[in-house]
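As structure tokens, one chain now follows by itself in the form predicted on its own.
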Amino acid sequence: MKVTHELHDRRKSRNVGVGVTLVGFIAIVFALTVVKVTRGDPMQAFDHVVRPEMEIVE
């Protein structure tokens, strides 16, 4: 049986922290996407064409 060095324990805890942060970021992006889609806002892609509804009127 191998005895784990304390360096491995530190790396493992750091990897778990990075993993939790990554999962949290993915969850936030997914939640924002779901909210955007379910709200029914008109979604228009950027197609390099001037559209009157997108212009700012002062």
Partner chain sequence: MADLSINTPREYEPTFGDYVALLKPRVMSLVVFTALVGLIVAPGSLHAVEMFAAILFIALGAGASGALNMWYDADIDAVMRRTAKRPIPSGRVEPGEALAIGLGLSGISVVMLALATNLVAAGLLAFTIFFYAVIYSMWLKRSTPQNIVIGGAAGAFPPMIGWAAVTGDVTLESVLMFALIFMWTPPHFWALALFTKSDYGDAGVPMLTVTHGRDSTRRHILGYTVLLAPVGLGLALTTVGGPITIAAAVVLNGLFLKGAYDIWRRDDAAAEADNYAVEKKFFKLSLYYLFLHFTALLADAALGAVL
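If you're wondering where the values come from, they're calculated on a predicted model, not measured in any experiment. Residue numbers count along the first chain shown, from 1.
Only in words, not in the display: the form predicted in complex with the partner chain, which the text now covers.
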- Query: Heavy atom to heavy atom, is Val23 within 4.5 Å of the partner chain in the predicted complex?
  - Reply: no
- Query: Heavy atoms within 4.5 Å of the partner chain in the predicted complex: does His48 have any?
  - Reply: no
- Item | Heavy atom of Met54 within 4.5 Å of the partner chain in the predicted complex | no
- Which residues in 23 to 38 have a heavy atom within 4.5 Å of the partner chain in the predicted complex? Phe25, Ile28, Val29, Ala31, Leu32, Val35, Lys36
